[in-house]
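Quick setup: the structure tokens below cover two forms of a single protein chain, split into structure 1 and structure 2.
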Structure 1
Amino acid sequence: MERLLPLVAALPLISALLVHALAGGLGRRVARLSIGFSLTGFAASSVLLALAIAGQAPRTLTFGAAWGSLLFDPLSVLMATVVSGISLIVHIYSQRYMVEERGFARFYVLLDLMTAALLVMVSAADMITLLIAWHLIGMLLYFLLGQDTRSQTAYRYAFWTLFTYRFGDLPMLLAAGLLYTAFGTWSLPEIFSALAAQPDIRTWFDLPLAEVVAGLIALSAFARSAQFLMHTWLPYTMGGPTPVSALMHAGIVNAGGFLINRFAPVFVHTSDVLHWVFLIGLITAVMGSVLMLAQHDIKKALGYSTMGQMGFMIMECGVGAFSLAVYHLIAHGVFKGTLFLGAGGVIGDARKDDGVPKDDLYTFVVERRPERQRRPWLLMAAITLLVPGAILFAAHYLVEAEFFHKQGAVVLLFFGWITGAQLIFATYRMRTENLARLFTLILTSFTVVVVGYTVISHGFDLFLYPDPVFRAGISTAADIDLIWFDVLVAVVTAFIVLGWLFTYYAEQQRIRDRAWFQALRRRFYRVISREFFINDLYGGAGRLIEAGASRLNVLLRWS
């Protein structure tokens, strides 16, 4: 049955060829053909997922001598189901959304090719197949974003995307070269076995191979998942059709998290790389969230929201919660895809009638008019401690006794506590006629956050990484010295608590009305509204590089 896997990857390819061949005769009805293939692909990948859940052993399906192989394992079939599912939704949505667009058939051809490339990427069993799929995704995305071939703007930003993606291809290419030089094979399972047998093998400059390869793979993942300094393309690619935005945010930018998971057997032999991964993810999460708050355009805000989410996903990898990152990328894919597909309708409706409900939530969140009557804050503060405490206590007995010993779990729970507490403090001043309902909602959302980090993480861990020794290895690879860890947790806690206290003090003293505060705020807003000047810097550097090439050509008489 696992032989269905090549069929899953081949179906969209066949669909692309048929759509191209039959578009002249069938006209816009070719969309139905494409949807039919998409549906079949989704059904086949669901069968494969069911097989994997039932415990079918991983298997490599080989089609060529040195390369050209697909891997049937829990990660590949889970991702194949996600990709084919999201692709199916985008296919169905586009049938009406794109009906008046020029190049309707071309769009479906590209969509099918992109689905095929994504499916090959998630199931590639050797470095060359992975490289080819990884590279083609960037190329196909460029043409999908440039669906309107008359729009120079759409193509300008599509070019940014392509350049970043191509930049991200290079580390993977180098990693492939290193691994082949070291082990003489392109096969991923063989590479991972060889590395497990000699984890301390050295490479060029006498560097540890595992660290170098993991670093290069992480760089590729950063470029694909719009991590800080390689994020500038993401919010500007809204010139592409909405279904492409949905597919991109739901199924393409997430590839960084997948890639790190695919190379987990390499990361498990590292000692430092995951700390850098965590740091980059953290910076991206914070930057993305800050920039999102400063946007007025709904799609651009969604773009920065994706950046923040991707930062968080990479951060999860950095703390060793690899399988949680997979869960995160699936959850993010589903909700962000929904938001994008709904964004067009919301904008369209808002043009006719703002339709803004003048209810409590709106006045509180948008108009920032809090109710003066407040809930007892001591009760709220107690909730922030008691709920996670109770869940952790339960997790200790129900999920895993060693749960607290994993630094990654502690960091994520800590993060969950902060965000949950932030939510509670934010809603603490919210007016409500039904206090019980508000409390129920607060408790439920808080509980979901913390439960999400314990039970779901554990469930995905068991499915994707059934070997407990391997799971422990990933956790160890992400660990830092215990004293440093405690110090860091203490410092961050103090920083956040002081932030809360300062906010409370500032509100009491009405600091926000003072001139110095207003000036500081304006300056900060200017920096944020210019996106920390990173785009300006890159644009300037690009122009400088091109001007240099031009001068050189003149000097050398164009020969």
Structure 2
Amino acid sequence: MERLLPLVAALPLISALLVHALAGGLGRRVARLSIGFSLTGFAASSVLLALAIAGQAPRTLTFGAAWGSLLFDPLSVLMATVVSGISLIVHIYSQRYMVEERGFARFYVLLDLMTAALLVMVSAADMITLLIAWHLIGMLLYFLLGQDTRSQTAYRYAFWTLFTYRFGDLPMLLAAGLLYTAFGTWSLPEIFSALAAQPDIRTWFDLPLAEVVAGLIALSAFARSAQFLMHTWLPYTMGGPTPVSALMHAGIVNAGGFLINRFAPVFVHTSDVLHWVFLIGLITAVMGSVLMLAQHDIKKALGYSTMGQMGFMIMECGVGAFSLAVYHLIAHGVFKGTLFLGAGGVIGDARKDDGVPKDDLYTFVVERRPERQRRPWLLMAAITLLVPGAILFAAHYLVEAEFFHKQGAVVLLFFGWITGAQLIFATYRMRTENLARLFTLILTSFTVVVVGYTVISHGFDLFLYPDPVFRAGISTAADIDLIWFDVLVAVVTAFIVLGWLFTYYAEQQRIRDRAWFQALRRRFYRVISREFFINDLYGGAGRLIEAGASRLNVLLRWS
């Protein structure tokens, strides 16, 4: 039954060929043909996932002497199910959305080819197959984003995306060369087994192979997942069709998290790479979340939201929570895909009537006029800090008592703690006649979400990495010196507690209405409205390169 895997990857390719061949006779009805193949592929991938959950052993399906192999394992079938499911939804949505667009059949051909490339990527069992699929995804995305050939904006940012992707392909290409030079094989399972037998093997300039390859793989993941300094393409690719945006934000941009998980057997032998992965992910998560709040365009706000979520996903990899990152990318893919597919309807409705009732909730959210008379701020501050921490601790302790022995788990708890505190603080600032009822509903919802998230993420951990020794190795690779970690925990805890106490005090004393605070906020808004001047920096660098090339051209008399 596991031989269904090549069929799952072949179905969208067959669909693309048939759509191209029959478009002249079937016209718009080729969409039904493509949807039928997508539905069949999703059903087949679901069967494969059921086999993996039932305990079917991983195996490699080989179709060529040196390359062209696919891997049946929990990660590949899980990602194949997600890709085929999201692709099916996009196929169905596009049937009506794209019906009046030029190149209707071409769009479905590209969509099927993109699905095939994604499925091959997530199930590739050798480096050559992985590299080919990885490269094709960037090329196909370029054509999908530039579907409207009349739009100069769409073409410009499609090329910007292609350039970033090609830059990100180079580290993986180099990593593949290093691995083949060291072990003489392209097969990923064989490479991982050989590396496990020789974890201290060295490469060029006597550098540790595992560290170098892991760093190169991380760079490729950063480019594909729009991490800091390589993120500028993502928010500006909204000129493409909405179904492409949905597929890109729900599936393609998540490839970085998948890639790091695929090479987990390499990262487990590293010592410092995951620390840099965590740092880049943290910066990206904060920047994406802040920039999202400053956008007036709903699709661009969703783009920066994706950037923030991808940063958090990479950060989870950086603390050793590899399986949690997979769960995160699946949950985010489904959620963000839904938001993009519904964005057009929201924009259309807002142009007619905002539809927001002028009640107390509207006054709080839109006009920013919270109630002045509230409960004692010190009591509410204590509840804000203590209750989320207690819920998080209890939920994780019940699911896995050893959870708190992992440094990465403690780091993630801090982020959960901050999120819970923010939720309760927002409740405190709202106007309501029955604060106790609202507060109870908020805490109940928060508890259900935390327990569900904890149970599901633990299940993903056992499914993707059933070997407890390997799971412990990933956590160890992300650890830092225990003394420094304890100092960091103490400093961050004090910072959070004092920060929230100041937040409550500032809210009581109306500091935000004072002139110095307003001036500070205006300066900060200027910085984020210019997107931290990163685009300006790139634009200036581009102009300098162009000017230098022109002078060199004149100097050498080439024109």
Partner chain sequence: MSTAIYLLAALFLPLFPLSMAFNQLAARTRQPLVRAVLLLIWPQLGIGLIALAALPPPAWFRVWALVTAALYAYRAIALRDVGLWIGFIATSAWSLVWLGGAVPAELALQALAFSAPLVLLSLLTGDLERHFGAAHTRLQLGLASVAPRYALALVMAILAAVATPVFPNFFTILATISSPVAGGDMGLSPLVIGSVVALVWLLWSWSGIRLLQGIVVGVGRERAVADMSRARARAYAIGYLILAGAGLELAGVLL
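Just so it is clear, the structure is predicted and the values come from calculations on it, not from any experiment. Heads up, when I say rigid core I mean the largest set of C-alphas that superpose within 1.5 Å between the two forms. All residue numbers here refer to structure 1's sequence, counted from 1.
Participant: Just one of these is the form predicted in complex with the partner chain; is it 1 or 2?
Facilitator: Only structure 1 matches the form predicted in complex with the partner chain.
Participant: Verify that F267 and R28 are, or are not, members of the same rigid part between structure 1 and structure 2.
Facilitator: Yes, both C-alpha atoms fit the same part's superposition better.
Participant: From C-alpha superpositions of the two rigid parts, what is the smaller part's rotation angle between structure 1 and structure 2, in degrees?
Facilitator: So the smaller part swings through 7 degrees relative to the larger one.
Participant: Rigid core superposed, I'd like the Cα shift of L498 between structure 1 and structure 2 in Å.
Facilitator: With the rigid core fitted, the alpha carbon of L498 is displaced 3.1 Å between structure 1 and structure 2.
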